[in-house]
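The structure tokens that follow cover one protein chain in two forms, given apart as structure 1 and structure 2.
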Structure 1
Amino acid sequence: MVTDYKRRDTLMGETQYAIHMDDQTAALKGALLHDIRRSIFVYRVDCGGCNGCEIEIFAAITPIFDAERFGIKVVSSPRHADILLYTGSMTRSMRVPALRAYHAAPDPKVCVAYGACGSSGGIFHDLYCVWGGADQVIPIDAYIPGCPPTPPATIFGFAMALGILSQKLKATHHVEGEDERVQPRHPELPLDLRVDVERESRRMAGYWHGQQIADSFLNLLKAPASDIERNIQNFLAQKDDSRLTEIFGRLSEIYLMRKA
């Protein structure tokens, strides 16, 4: 195995690491995946993360998710490891320790990039000291995206890296169709009413919840005019939430003002 500790130029989206694997190691790696099914030793390498990924990895080995059911065990030395788990965005200072951990682990080994940072640099990808993901330095076999990946996502990632479960995500490329049309939202209602209701609802409840509340309110307005008030009362009684009642009261005012 040849290692050049200087970073090679990396092109966008293309990985060029300084490690070259010989044929024998590659063949052994194929056998490893087949042979270690029930005894997988994982070593975590934190290359400049925020520790969120570490917390989720430890959550994955707690009794609730119990990764040890599958023989997955987190070990404290790379010399015991079959799998190296790279978290963090691979900062400049951590690249040599990352390579040292790689070389300390016995061949054959599987390297996994964990979290958004490990997969690509994540939110830190354009920072001056960040090299943008473990795959810029180390040959990576599997990617587990997430910020951080939840314990089930972690278990799925391991199961996939070990060939127990198959990959679900596939790259897609959509090309706009000839008569592709966008459906406007709530086309039955006047546009200015919709905009006013959405704006007020977002102002009172925040963007995400405001949108949900505005949608449920506008859906209630689609009923015949005589039923609207009763429907709103029923809806609020069912939800039994004083905050929702407050917001609906304000939205109803807007509706009545617009109607008048």
Structure 2
Amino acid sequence: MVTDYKRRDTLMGETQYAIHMDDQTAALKGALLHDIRRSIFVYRVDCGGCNGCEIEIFAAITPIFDAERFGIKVVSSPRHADILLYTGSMTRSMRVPALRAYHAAPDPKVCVAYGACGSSGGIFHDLYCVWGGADQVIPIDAYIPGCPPTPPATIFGFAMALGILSQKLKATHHVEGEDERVQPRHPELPLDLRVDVERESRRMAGYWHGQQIADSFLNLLKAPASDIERNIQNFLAQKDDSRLTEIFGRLSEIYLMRKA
């Protein structure tokens, strides 16, 4: 993420500088304006560390990296904060102040564990006065690893926290009724077929991507039996992916075995 200051000479002989913003920066600022409609406020809670993380945070907000150009501002009170940034290992003496900061921040809020110590206790994890990482006391939403994290990693972590905050702003609360039951995906298809297809797809393509492939394949099976083979061929022709064709071939074998 880079913001360039390009020189521009005017007719009056004065030198001015026009600000040029790259696409990623513009997208991040656009998300801020669209979802939060203001800058995002960060409050730092130092639970006990070597202050190396604080140096990198200060580097991230000073002119070289300038996190404020993304609309990210550090505030002095948790009552104004959208993001709580926990640095250092969670010590016994800081447990209650850390909880007070958490409860003082308004909802929705995002809690971030910063650095190796904030994430797991770091090199201080086995001291008598250390509880561990911040997640031993506070419900953490995101982690920024490093000892200490670099300023670019810090800004990237803030951007990820912004995405989590956007999800929390749009979240709705649902209370499940006594007779309400969660419906599985593709309830029209037999359970054993769904399990075998998903399991084999994840084995061949990984957990997340395999789930997407399994969903695509199972959606094609909902068509009339006479159209399934043609729909699969058309789907693979559009994707033009040899690995996907191989996975679909294996899933088709499972389908034919179950059908028989």
Partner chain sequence: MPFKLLREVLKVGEATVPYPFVAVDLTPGFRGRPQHDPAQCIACGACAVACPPNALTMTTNLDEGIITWQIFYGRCIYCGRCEEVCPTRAISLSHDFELAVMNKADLYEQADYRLAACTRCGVLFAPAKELTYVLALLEQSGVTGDELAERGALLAMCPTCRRKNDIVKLVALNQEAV
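Counting starts at 1 with the first residue of structure 1 and goes up one by one along its sequence. As the structure is a prediction and not an experimental result, all values here were calculated from the model.
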> Which structure would you label as the form predicted alone, 1 or 2?
Replying inline: 2
> Can you say which of 50, 165, 227, 207 is at the hinge when one rigid part swings against the other between the two structures?
Replying inline: 165
> Rigid-body rotation of the smaller part against the larger between the two structures, in degrees?
Replying inline: 84
